[in-house]
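Consider the single chain below, provided in structure tokens and representing the form predicted alone.
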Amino acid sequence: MTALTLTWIAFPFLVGFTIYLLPKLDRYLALFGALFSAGYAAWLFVHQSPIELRLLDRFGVSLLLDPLAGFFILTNALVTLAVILYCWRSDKNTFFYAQTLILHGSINAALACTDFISLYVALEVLSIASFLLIVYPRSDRSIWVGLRYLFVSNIAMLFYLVGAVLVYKAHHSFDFVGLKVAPPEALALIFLGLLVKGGIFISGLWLPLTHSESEAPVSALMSGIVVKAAVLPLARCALLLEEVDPIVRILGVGTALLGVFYAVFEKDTKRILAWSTTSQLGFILAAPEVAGFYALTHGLVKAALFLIAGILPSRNLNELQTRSIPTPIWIALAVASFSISGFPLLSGFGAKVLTMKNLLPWQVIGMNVAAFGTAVTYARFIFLPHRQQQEAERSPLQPGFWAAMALLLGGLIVANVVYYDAYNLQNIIKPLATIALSWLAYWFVFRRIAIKLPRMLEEFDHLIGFMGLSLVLLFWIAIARSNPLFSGLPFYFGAP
């Protein structure tokens, strides 16, 4: 098992660098690398028993592979496969495929780590690979967006590194469980780095611009899986340490509400999807014990939606509402939108039911509001006009697009087996009622509202400022959690 696991971690990097030596096989090698990860994820589900590895004793690497990680690894494999298929007959060069696979490998490594130093290395490699893919078009705009992402990420990870050192000082290892005995500032510093990398709450305000301005395949990778490389460690810490669980849940609810608030009023399709990603990351963190299934469902949906957004005739939602899109494309768009809204027969339904069943009582109202807002957001895509194209006016899509859609949307159907117990009358009625009410709200209220929210908060200097505010907030919560004087305070300090 150790040999197989280490081979799985190293394999994408080896294949990624091999692509440079065999450029004519770039697509095939990239495809093979992603398929290997998918096979390993399937083996994890069959094996069931967690695999714990410790290399070089407490000074080295600590890995944990279990079904929770398996969901994230499978998401990484399927989204990467879909992007490779989508780009199969495009003009993407060897560099693109090699970096995609290196990014894939760094995400796998981050998902397996349970010590802060190894996670730091994996996340930094991930940042560089993401940056190179963001700036791939080499336009002035893409270079600025990429540098902005890299600067914010690196600044956050410097804070993270200081926190990791404090954990080692207190626990004499870098293991996640060291947070239990580490000083409160260690938790604040480490969580700041992970919140920024994961695009969580106000620390993640870099996300909408970065995801919306990248090319469609890169946006699919970023929203589908890249941000989740920092979300799983947050969920893992919540599961390992009961003191951390309420903090992660609070951040989950806040993120879900913040993201959906912006998504409901946004008019740019890619920015709608980007803000929705922020909101959906909140759903993943709101119930850490079932984070894997929701991450899988969201990754498939968001990758599909960003790839579809890349071929729509306009990014402006108002323009799309006045011109028809081809019916086959609309069907793919509607299926993904139905899933993320929680419609039965698609895995988004089971993921939402499972998440809602694992919420604490104080979370229920906020998360139901977020679910309602999500359904309103995607009603705007579902009700876009569509028509069959005449033969003369058809512009054929690349075959890779439909191969990617078959993989992603087919995955939403197959993944229903993960939580088939969700299909009972009570569970079905509530999501359908929520969707029906959200459609009514869309038609009679939100469709008529034209509010343009300011983007000032997304400017670079404000991103750094919000990083400081997040650090203060995290430090305050950590102090409160560690002080017995606060043990009787309400839910926002973690009391049940």
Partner chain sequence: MLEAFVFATVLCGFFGIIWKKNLMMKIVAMDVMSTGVIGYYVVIAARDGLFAPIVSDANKGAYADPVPQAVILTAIVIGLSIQALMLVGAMKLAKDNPTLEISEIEKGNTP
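Numbering follows the first chain given and starts at 1. Since the model is a prediction, treat every value here as computed from it, not as a measurement.
Although it is not shown, the form predicted in complex with the partner chain is what the next lines describe.
Although the partner is absent here, Glu458 is a contact residue: one of its heavy atoms lies within 4.5 angstroms of the partner chain in the predicted bound form. Although the partner is absent here, Phe174 sits close enough that one of its heavy atoms falls within 4.5 Å of the partner chain in the predicted bound form.
Interface residue remark: Val165 is counted as part of the site for the partner chain in the predicted bound form, having a heavy atom within 4.5 Å.
In the predicted bound form, the partner chain sits within 4.5 Å of a heavy atom belonging to Ile464.
With the partner omitted here, the residue from Ala422, Leu345, Ile143, Leu240 that has a non-hydrogen atom within 4.5 angstroms of the partner chain in the predicted bound form is Ile143. Of the residues Lys357, Arg89, Arg387, Lys169, just one reaches the partner chain in the predicted bound form with a heavy atom at 4.5 Å or closer; this is Lys169. Shown here without its partner, the chain carries Val121, Phe131 and Asn154, all of which come within 4.5 Å of the partner chain in the predicted bound form through at least one heavy atom. Between 464-472, 46-54, 426-434, 32-40, the stretch whose residues reach within 4.5 angstroms of the partner chain in the predicted bound form through a non-hydrogen atom is 464-472.
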